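In the block that follows, a single chain appears as structure tokens, in the form predicted on its own.
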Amino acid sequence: MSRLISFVLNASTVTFDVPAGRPLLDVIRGDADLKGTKHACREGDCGSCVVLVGEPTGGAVRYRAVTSCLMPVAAASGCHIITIEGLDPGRIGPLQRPFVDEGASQCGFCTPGFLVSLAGHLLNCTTWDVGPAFNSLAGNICRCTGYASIQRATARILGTLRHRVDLDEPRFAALVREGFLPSVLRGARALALGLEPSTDTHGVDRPVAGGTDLYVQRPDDFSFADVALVPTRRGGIRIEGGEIVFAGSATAEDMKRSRELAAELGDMTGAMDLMGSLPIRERATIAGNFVNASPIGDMTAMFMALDAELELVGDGGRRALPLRSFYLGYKNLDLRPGELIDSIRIKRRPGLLFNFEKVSKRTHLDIASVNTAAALRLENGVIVEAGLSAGGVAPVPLALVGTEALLIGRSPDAETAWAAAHSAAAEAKPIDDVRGSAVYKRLLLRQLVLAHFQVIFGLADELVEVPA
């Protein structure tokens, strides 16, 4: 069954009668006949299909660079979608010129994705430094030009804006003023503010959150389905009394940018940057990560160590369930028919020390071989609260309850660190697979538990020698 999906595409409002699960990429290239957004990997890895999704919220529009191959068109309802054609209405402007001058485009296939991703960074960045800008392009793969010329072009753009745009002024208007965005988009943004997202969910029986795994693993089940969930507006992260409350639709990038979360757990930038490229983090939701039930889900490991509680909503009403009780077996969940994760709650605990560790074949943009998170709290120099989890070492995300019990009442010294490391390795039940042997994974978990103590408590030289 098709649905009428309306959104603003570049400078005009459009309506398509298509299945709600149809990837936005296919609508852009096929139904809208805009070929600048490229069809390549279909897995969100190459960045050739990146578009800007502007979501109206609270009278403003927040733009995010996302991979359109993994995004159902229903998620575009009521939004402002900007493709490469929208950034380049028949001219080479100050965004494109450095790419030309620095030879940053050879065959040109990947160039639209780079430019759109960079535009997304310029709309959201909090500094004109080149490091974060290069990081925002991590999800864009150049197959012919190499990266040095792209980095030079990016540095030139940032150098220009550093002298012309104050970071505190309204960014969209400033980029239009400086010619980095065409002026026609100003009116298009106003059009998006007047649209309402579709709320027609009649007959919907295939819920989709971010879709970053579903559209890779089961594309035919969703891309050509007659029904799919029509996503509602995303929620956020807020403090509510003694709890931090996460909307189920909050994303990995929301976690990275949340000031509320950083105030409670420390800077999350390093941990979240290990979870995929920016366009993937902008779509990957917390609830989707949980329900996907991967034994190595990164966000699942984090929230399990934090002893999170799920708020589930369905036909039977609402119920609360500890995340640690959610996994009944491999890909088997305590989730009743029709239930969705509405929100996630963790208790605020002053003085809580948090760390996340992950090892994969590639440092970034890869699935973990083993991951682990630790949440520890001290009083009078001893550990009084311990949360420890691991992924990739059991059929389900694993709470290391034996190791948690071992830590209570002990000082955070080298002896305790080694005891915890050995205990965690003993609790693990890994298997041999493409990401490593069972022996390797146990050893890796042991070393990552030691890394928690090194990062949280500054232990380093004390952990070099293995105790007898």
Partner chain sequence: MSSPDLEAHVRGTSRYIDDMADPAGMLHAAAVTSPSPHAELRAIDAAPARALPGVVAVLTAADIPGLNQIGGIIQDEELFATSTVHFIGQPVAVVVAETFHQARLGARACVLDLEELTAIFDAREAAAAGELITASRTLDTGDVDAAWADCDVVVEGRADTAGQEHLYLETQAALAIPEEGGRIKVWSSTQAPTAVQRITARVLGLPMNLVEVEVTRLGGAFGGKEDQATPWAVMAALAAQRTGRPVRLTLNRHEDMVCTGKRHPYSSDFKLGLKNDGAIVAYEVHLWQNAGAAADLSPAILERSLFHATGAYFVPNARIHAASCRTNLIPFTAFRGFGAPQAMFVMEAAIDRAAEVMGLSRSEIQAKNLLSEGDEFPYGMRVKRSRARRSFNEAAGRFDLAAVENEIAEHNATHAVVKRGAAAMPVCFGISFTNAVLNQAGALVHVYTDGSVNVSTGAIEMGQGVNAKILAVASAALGVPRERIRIENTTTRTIANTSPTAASSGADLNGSAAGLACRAIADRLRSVAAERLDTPFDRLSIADGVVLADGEPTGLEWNELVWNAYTKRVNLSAHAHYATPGIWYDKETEQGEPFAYHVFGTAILEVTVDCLRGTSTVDRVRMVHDGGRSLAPAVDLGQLEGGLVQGLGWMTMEELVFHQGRNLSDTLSTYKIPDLLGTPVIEGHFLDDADNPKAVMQSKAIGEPPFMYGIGVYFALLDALRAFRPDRKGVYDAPLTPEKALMFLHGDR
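Positions refer to the first chain, counted from 1. What we label the rigid core is the largest C-alpha set whose atoms superpose within 1.5 Å from one form to the other. Quantities reported herein were computed from a predicted structural model and do not represent experimental measurements.
There is another form of this protein, the form predicted in complex with the partner chain, and it is not shown here; the text below is about that form.
Trainee: Of the listed stretches (96-104, 67-75, 237-245, 389-397), which one has a non-hydrogen atom within 4.5 Å of the partner chain in the predicted complex?
Mentor: Looking at the partner contacts, the answer comes out as 96-104.
Trainee: Give a yes/no on whether Ala414 approaches the partner chain to within 4.5 Å in the predicted complex, heavy atoms considered.
Mentor: Ala414: no contact with the partner chain in the predicted complex.
Trainee: Taking the partner chain as it sits in the predicted complex, is Ala262 near enough to touch it, meaning that at least one heavy atom pair lies within 4.5 angstroms?
Mentor: Although the partner chain is absent here, Ala262 would stay clear of it in the predicted complex, with no heavy atoms inside 4.5 Å.
Trainee: My question is simply whether Leu122 lines the interface with the partner chain in the predicted complex - judged by any non-hydrogen atom within 4.5 Å.
Mentor: No, Leu122 is distant from the partner.
Trainee: Glu379 versus the partner chain, in the predicted complex: is there a non-hydrogen atom within 4.5 Å?
Mentor: Because no heavy atom of Glu379 falls inside 4.5 Å of the partner chain in the predicted complex, the answer is no.
Trainee: Could you tell me which one of Tyr327, Phe354, Phe222, Phe114 places a heavy atom within 4.5 Å of the partner chain in the predicted complex?
Mentor: Of the candidates Tyr327, Phe354, Phe222, Phe114, Phe114 is the one lying within 4.5 Å of the partner chain in the predicted complex.
Trainee: Using heavy atoms only and a 4.5 Å cut-off, determine which of Ala308, Leu137, Met275, Leu185 is in contact with the partner chain in the predicted complex.
Mentor: Selected option: Leu137.
Trainee: If the criterion is a non-hydrogen atom within 4.5 angstroms, does every one of Cys144, Ile367 and Ala451 touch the partner chain in the predicted complex?
Mentor: Each of the three qualifies.
Trainee: Considering only 62-87, what residues come within 4.5 Å of the partner chain in the predicted complex, judged by heavy atoms?
Mentor: Ile84, Glu85 sit within 4.5 Å of the partner.
Trainee: Core superposed first: is there a CA shift of 2 Å or greater at Gly351 between this form and the one not shown?
Mentor: Shift of 2 Å or more: no.
Trainee: So with the core overlaid, does the Cα of Thr145 end up 2 Å or more away between this form and the one not shown?
Mentor: Yes.
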